[in-house]
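In the structure tokens that follow, the same protein chain appears in two forms, which are kept apart as structure 1 and structure 2.
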Structure 1
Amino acid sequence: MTRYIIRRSIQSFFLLWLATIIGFTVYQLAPGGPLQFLSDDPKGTSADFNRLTRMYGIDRSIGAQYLAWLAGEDWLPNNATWRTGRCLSDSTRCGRGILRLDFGKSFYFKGESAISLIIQRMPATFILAFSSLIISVVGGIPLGIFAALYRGRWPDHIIRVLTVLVSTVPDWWIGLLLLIVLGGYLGVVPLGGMETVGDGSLLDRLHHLILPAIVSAIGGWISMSRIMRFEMLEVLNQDYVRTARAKGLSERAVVVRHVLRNALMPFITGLSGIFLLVLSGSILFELVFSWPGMGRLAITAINSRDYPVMMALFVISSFLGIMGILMVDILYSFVDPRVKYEVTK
């Protein structure tokens, strides 16, 4: 088991390194260079452009730029091949590299560092992500259990209708419609945001949270209940369940003691996928509900071509996703002793 954990950790570390390369490539892909937007400014001259190119160090080789972005430039040789203009003239302004959590300064939010912008918005995204996770677990598990126990009856129909619904309309569109009707017309829920200005009470925050959380939980809810239903049916067909019934246990005891316990295990794996989905899907929901989280920051960064923030968001959300999957895998290996660590298929 220790070997498995070590191997998975090394794998995750490697994945993370790949993510930094992908994130950095995005920076290089920008047509006309990442500072292209500066030439949109009618007052800017080519001398200004060259000065800024030197200041941000975009004239360096790709390898030097990656190294400085990854590990910082304060330990690199003090010349223009390795350091940015800022760092050459004033060594206190050297970038410290993403390994030391310095993602550089934002282009758009002047003077703010990318990491502090993200940290400010992280709580909002996490509140939404975790409340929708809780809703999908609380709603999905019982629905899946009942659908498996009463096959072909109403829980099954609910799952089927909801499955068709989420696979045939964008889930953010459902949110938009609900927002128009419930928020815009009936005034039951607020039209967006996280709290009313000047009123930060818990009740007000919950009032703002309820619709976004429910709508962004729909997708997870469906996949949770479907996984749960499938696992339950698998376990219900096992020999030990038949044995349990044969020895005269009540149906409730069979389900609670023998079926549920075993059906819940593969379910943990399902969690990792949903964890990733919640983070990646937050962009559209945050736009619809004007939710002041990382997704909104991403939209602003993308629309204003704020590359340092884009790269930072990409690397940090990759990190969260990879760590989420790793944790779930490790947790799974503790919970289910039958899991095969070495060869898969």
Structure 2
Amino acid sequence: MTRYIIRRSIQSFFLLWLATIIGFTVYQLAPGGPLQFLSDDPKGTSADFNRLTRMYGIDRSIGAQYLAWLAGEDWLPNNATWRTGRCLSDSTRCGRGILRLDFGKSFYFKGESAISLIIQRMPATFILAFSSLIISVVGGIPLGIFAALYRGRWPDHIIRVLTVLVSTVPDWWIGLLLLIVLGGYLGVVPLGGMETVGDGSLLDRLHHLILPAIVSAIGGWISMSRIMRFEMLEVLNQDYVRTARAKGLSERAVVVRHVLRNALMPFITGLSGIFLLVLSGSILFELVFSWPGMGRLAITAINSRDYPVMMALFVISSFLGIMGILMVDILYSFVDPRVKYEVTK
């Protein structure tokens, strides 16, 4: 198991490094740039453009910019080909690289550290994502179990039709509609934000959280109910389930001891994908509900071409996704004995 964990960890970090290369290259080759605002400013001159280009090192090759961004400028050759203008003029302004958690200074937020901007908004995003995941599990697993146990009968048909109908409507549209009705007309939920100004109590935050969490959990509980139904039906047709029934065990004992336990093991793998789906989809829900998380920060950074913040968000999101998949793989290896057999084979 130790060798398996080490091998998977090395693969995960290699994948993260590959993601940084692809992401950095795509951002650099994208139309526009961090100095695009000068083209829209009638007072901007070519001298201003050249000065800022040299200051931020945008005139360097992509390879030099990537090495400086990845590992820092302090170990690169001390010339204009490798270092930015501000680094050459003041050594204290040299970037330390993302390996030392220095993602640079924000262009839009007046030189504030990119990593500090993300850390400030990360709790809000994780609160929304974990709340949505819990609601998805609580709502999706029982529905999947219920549909499998009543396969081909009216409860199964109702659940399947309901999931299909809900999945055909965009989640953000449902959220916007509920916000207009429940928040605008009925006034039972807040119109947006994470807390009321001047309050911030736990009850007030839960009041703001309930609607965004439920709406963002819609896709999760639909996926979980389908996965759970499929896995339950697969296990119900196994020989050991028929043997357990033949021994005289009650249907409840068969479902709890044999069917449910084995059906949940493949479900663990799908859980990571659903969480990443909820986490990545938080951008739309944060916009709809004015939730102060990383999603709204990403939209602001993209609209303002704030490259340091954009790349910081990309790297951190990739890291969280890859580490989440790694943790699920390790957990799955402990739950399923067949994985251990394949490792030691």
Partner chain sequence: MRSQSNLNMTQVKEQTYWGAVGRKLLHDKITVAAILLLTFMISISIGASWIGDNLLGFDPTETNLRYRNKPPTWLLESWPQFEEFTQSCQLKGLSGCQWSWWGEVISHALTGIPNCFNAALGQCHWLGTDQAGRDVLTRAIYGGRISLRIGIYVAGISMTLGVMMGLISGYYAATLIDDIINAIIQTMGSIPLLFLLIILSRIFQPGPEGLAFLLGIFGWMGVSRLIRGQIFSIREREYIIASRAIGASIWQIMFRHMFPNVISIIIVVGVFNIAGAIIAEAGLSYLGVGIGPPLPSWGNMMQGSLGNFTDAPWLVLTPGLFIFLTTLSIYLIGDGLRDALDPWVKEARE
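Everything numeric in this text was worked out from a predicted model, so none of it was measured. Throughout, residue numbering runs from 1 along the sequence of structure 1. Between two forms, the rigid core is the largest collection of C-alphas that superpose within 1.5 Å.
- In this comparison, the chain shown as structure 1 is the form predicted in complex with its partner chain.
- In a rigid-core overlay of the protein, Asp156 has its C-alpha displaced by at least 2 Å between structures 1 and 2.
- Core-based superposition between structures 1 and 2 puts the Cα shift at Arg7 at 2.7 Å.
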